[in-house]
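Just the one chain here, the form predicted on its own, laid out as structure tokens.
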Amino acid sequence: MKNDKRVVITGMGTITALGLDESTFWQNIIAGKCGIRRISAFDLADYKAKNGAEIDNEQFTSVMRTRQLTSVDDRTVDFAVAAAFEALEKSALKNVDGTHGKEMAVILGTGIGCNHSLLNANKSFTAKGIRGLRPTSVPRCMANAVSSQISMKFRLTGPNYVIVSACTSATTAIGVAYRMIKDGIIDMALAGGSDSVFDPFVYGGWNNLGVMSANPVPEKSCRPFDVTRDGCVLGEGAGILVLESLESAQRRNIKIRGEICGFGESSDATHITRPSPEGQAIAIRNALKSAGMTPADIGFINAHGTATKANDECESKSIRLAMGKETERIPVASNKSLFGHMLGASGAIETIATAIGLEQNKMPPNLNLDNPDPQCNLCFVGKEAIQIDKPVAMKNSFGFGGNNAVLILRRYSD
């Protein structure tokens, strides 16, 4: 018999191009600032897509130094550790001295994994052959280094693992942690995701995929649901949440920031890159069923909204299929116009934005939505943040491979 515990959020940490802490991130996002710039990590001469939401190296190095964190020379891992530090600190759980452990799960998502470590190992192998591969190549390059490094750094003795499901990775990780707590398997978890794609190899693959924006103006290049959109713009970073049972949070007398109250997922089972509205609608319905809610309860939809023609049209159809007549009144926005598509980490950052928005009764704007596509017939938020009345929101994440994941969040109330 399931315990059906309530699952609440008590800490959040962000590493994004819009801010390297939760407060700065939210101030910039609600002000409608754009973190997309021309990529500086490598030579872009041969690349069509030249814009991205890239994190400034000097600023991030300063954050690592201030938080007394040692880099492992992989941006995906470093971003995750830095975000975890803030989330744990905000939840009064931080421990970096190694003197004791806490039974807390670490469930993270990543789309690409430790690609900088892989690139460096490949460069060394190409230059020196087998002698160029360090003995630490395997533990540095394995995808679960992201969760393992956090577990070791903060002495968290619960289960730790990484979920890889393309752009739904972090949303699925949060959903899995939610279920574990709800069912009484664990009391607390760090959940979220991290990705860093700005290396010449991984980014080159995306550049050649044919889904990237070639707009020469960085801050105008990501245009979800706009009729002039010409593709997605990538970002990098990490988002981590502390999830725990309501009883645990109350015992600790810690401030509760929000609540996860439903999770649904599905597979399109049709095509590796072309999404299916029917498959996505199943995940939305499953999330509502999990939360014990109907479309009438939803006050806001944080869309996946990648700014590709296929994704935006498909998601619009899936929302209409699942939400029915309620579609006409529910405000919809995509955060990717603000900080790009962070792949496996995007669902975590967007969940954090949704949770803070519910907490403050305000949701972020849609940048660059000058002329909504008639094929995306939804109730879109404009270029200014909006006040919301209902205390419940839905977060959509859909990814290559036909992966679909949807969360239902609620403003916390006793």
Partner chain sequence: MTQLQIIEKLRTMMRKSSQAQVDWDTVTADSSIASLGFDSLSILDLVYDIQQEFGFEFEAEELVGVKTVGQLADFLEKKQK
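Numbering follows the first chain given and starts at 1. Quantities reported herein were computed from a predicted structural model and do not represent experimental measurements.
Omitted from view is the form predicted together with its partner chain, to which the following refers.
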item	value
Non-hydrogen atom within 4.5 Å of its partner chain in the model of the complex for each of V72, S124 and G132	yes
Segment assignment from 338-346, 203-211, 124-132, 274-282: heavy atom within 4.5 Å of its partner chain in the model of the complex	124-132
In the model of the complex, the one of K94, K220, K309, R140 near its partner chain [non-hydrogen atom within 4.5 angstroms]	R140
Residue (of T136, T294, Q250, T270) lying close to its partner chain in the model of the complex, criterion heavy atoms within 4.5 Å	T136
Stretch 172-194 - residues with a heavy atom within 4.5 Å of its partner chain in the model of the complex	none
